[in-house]
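Next comes just one chain, in structure tokens: the form predicted alone.
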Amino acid sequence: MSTETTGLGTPESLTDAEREAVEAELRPLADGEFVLAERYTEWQVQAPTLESDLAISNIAQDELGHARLWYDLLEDFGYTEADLIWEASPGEFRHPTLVELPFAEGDWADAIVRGYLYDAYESRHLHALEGTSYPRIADRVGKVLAEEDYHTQHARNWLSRLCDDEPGRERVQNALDRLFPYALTLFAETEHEDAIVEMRIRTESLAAMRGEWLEVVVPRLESLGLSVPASEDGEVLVDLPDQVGKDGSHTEHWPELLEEFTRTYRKLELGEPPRLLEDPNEA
């Protein structure tokens, strides 16, 4: 899309409808990055090589940084980090359920397939935000895109490496079969989807982005000898899971993960939790 649109202006100048649409766009982005980073930390000192251990640690740190960028914009509307993370109930989080699933025990293929499916989506999503009508988002897209290019390349390299022999390819196929239905939750629409697109907070619909995502991931995975339950023309052969995340519905695994990473905050009664990272406006 290339039609001109009037910018939305400052957080204080938004109408109620504009603010709701901006929040609906930002919350899944922030929560998705944060929860994925939490899952990635489970691989620290567990990855198959020292190089991959360092890489997954760096990627987790990057994702936390991206979450901080998006949560910071939500704080423009009066929320605190405690409201958004540490004191939020499980149903208040709006991340896609792909990122909350536990890894198959000891299965590096799970981490790589999950990362690839997510990073291919995030790249498309960020490009759809480059022309956003909301300046506060536009100011931050470039930084995130630059780091996501590294994440995508890391996942692609490991996919090729894992699929280089039959046992590795079988592990990747098993991970893909398990995760692909949940990857579709990345594109689950909220009640604000039409407004987000009409206001050009995001310049492409989630439906269009899903089609472009399939055009990228299906041929790439098939070129590695994998079977994908979807086609490049948008036909998907699996159903969306009952719990999609973006509507507040989550899998049975989510409350346990939330309890785990908020335990210290609750037990110590910190009141004011330590910031995820420094304020991006002060960096």
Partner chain sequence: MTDQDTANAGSPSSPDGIAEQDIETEATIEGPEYCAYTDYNQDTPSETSLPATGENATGVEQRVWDRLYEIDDPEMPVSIVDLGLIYGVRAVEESEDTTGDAADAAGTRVAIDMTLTYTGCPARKMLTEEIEAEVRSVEGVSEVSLDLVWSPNWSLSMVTEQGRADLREFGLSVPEGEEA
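Predicted model, so just to flag it, every value in this text is computed and none were measured. Numbering follows the first chain given and starts at 1.
Below, we refer to the form predicted together with the partner chain, which is not included among the displayed structures.
Out of the listed residues Ile196, Ala128, Leu101, Ile112, Ala128 is the one that sits within 4.5 Å of the partner chain in the predicted complex by at least one heavy atom.
Among the residues Ser249, Ser231, Gln61, Gln46, the one placing a heavy atom within 4.5 Å of the partner chain in the predicted complex is Gln61. Annotation: in the predicted complex, residues Glu42, Leu162 and Asp177 none come within 4.5 Å of the partner chain through any heavy atom.
Here the chain stands by itself, but in the predicted complex one stretch of 148 to 156, 167 to 175, 102 to 110, 186 to 194, 148 to 156, has heavy atoms within 4.5 Å of the partner chain.
Looking at Leu206, you'd find every heavy atom of it more than 4.5 angstroms from the partner chain in the predicted complex. The partner chain in the predicted complex comes within 4.5 Å of a heavy atom belonging to Gly65. Although the partner is absent from this view, Thr97 stays clear of the partner chain in the predicted complex, with no non-hydrogen atom inside 4.5 angstroms.
Under a 4.5 angstroms non-hydrogen atom cutoff, the partner chain in the predicted complex lacks Leu74 among its neighbouring residues.
Contact residues in stretch 187 to 225 (any heavy atom within 4.5 Å of the partner chain, taken in the predicted complex) are Arg200, Thr203, Glu204, Glu212, Val216, Arg220.
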